[in-house]
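Just one chain is shown here, as structure tokens, and it is the form predicted on its own.
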């Protein structure tokens, strides 16, 4: 096996747009669950709205890239309001079912031929990159070194994604240390006690849902920057990947989603390179097909997630006290 190539391919994922986008979207999930106690299994729907809002605005209505970004954010806010009004009075399992169903409705609407003129149904959308790339401040050329070598366009996508990630971290850090954030954490621990103090629990939950949804839309926007927008990408499994990242890094932490996303994609990239190589040399009994061996990584990640939940539910950066509300 070429360990140099495997290491190079693995380290390249440190600054991949997907790694950055998943960190932003998972940060939104941390706002929902880690701080607000909302069991949201529909974050993929918010990501789809961010990506499609951007792509449709640029392709159909001729918006500049920043206008498309704003449309995606507004779409996420509207979706959060529509989703939250009938569901935020639900708790735990019922809220999870409602959110995953709502996200699937969003995906199927984008996939439907009813809106084919705008969404291109199952084929998705592409060719919306010109406006964003024309704003690139980096002159043409090659940048970086080793596994982190990019063209000017690739560098611009990563730099802008990191800027969004930095702003998202700053906003969440500030609001969670404000009086608003303390009320939100109080609702997570015991919403009846907070309600008894005269606080409008429903309004706070709605604000939490909107803030986390906007972060999910920004993650969807970053995912859409280097590639196409395809509805098959926003399956429920996407939300489960985000949950894996959240639990890995720490649910009620600011930097846990960043660390979780980084570790998740490094592990996935490493296994995607190592397992087929091992299968081709016959070192994995019963698996001689490299493509089948590559799928084994999902099984290994699933087992790792079970172990994390069983032995360290607070995640790598989490505080065990922050997770005691889950036991109630």
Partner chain sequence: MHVPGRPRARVRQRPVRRLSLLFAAVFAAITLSTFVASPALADEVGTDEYDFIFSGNVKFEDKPLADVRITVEGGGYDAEVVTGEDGRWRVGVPDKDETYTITLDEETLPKGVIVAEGSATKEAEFGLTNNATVNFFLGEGVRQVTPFSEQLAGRIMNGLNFGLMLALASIGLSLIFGTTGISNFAHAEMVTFGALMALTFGVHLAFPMWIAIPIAVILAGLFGLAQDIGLWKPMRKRGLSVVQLMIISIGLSLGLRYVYLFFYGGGVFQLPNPGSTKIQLLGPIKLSITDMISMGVSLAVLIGVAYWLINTRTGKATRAISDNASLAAASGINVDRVVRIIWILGSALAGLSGVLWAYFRPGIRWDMGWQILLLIFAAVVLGGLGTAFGALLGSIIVGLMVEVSTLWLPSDIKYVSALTVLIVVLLFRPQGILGRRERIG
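Being a predicted model, the structure only gives us computed values, none of them experimental. Residue numbers count along the first chain shown, from 1.
Keep in mind the form predicted in complex with the partner chain is missing from the figure; the text below concerns it.
The candidate stretches are 106-114, 218-226, 140-148, 254-262, and the one lying within 4.5 Å of the partner chain in the predicted complex by heavy atoms is 106-114. When the partner chain is considered in the predicted complex, only one residue from 78, 159, 97, 135 comes within 4.5 Å through any heavy atom, namely 97. Contact annotation: of the candidates 206, 152, 230, 90, the single residue with a non-hydrogen atom within 4.5 angstroms of the partner chain in the predicted complex is 90. In the predicted complex, the partner chain sits within 4.5 Å of a heavy atom belonging to residue 302. The partner chain is not drawn, but in the predicted complex it has a heavy atom within 4.5 Å of residue 247. Residue contact with the partner chain in the predicted complex: residue 296 places a heavy atom within 4.5 Å of it.
For the chain shown alone, residue 236 is a contact residue for the partner chain in the predicted complex, at least one non-hydrogen atom being within 4.5 angstroms. Highlighted residues 86, 309 and 313: every one comes within 4.5 Å of the partner chain in the predicted complex, counting any heavy atom. In the predicted complex, 236, 237, 240, 241, 243 are the residues of 217-243 with at least one heavy atom within 4.5 Å of the partner chain, listed from first to last.
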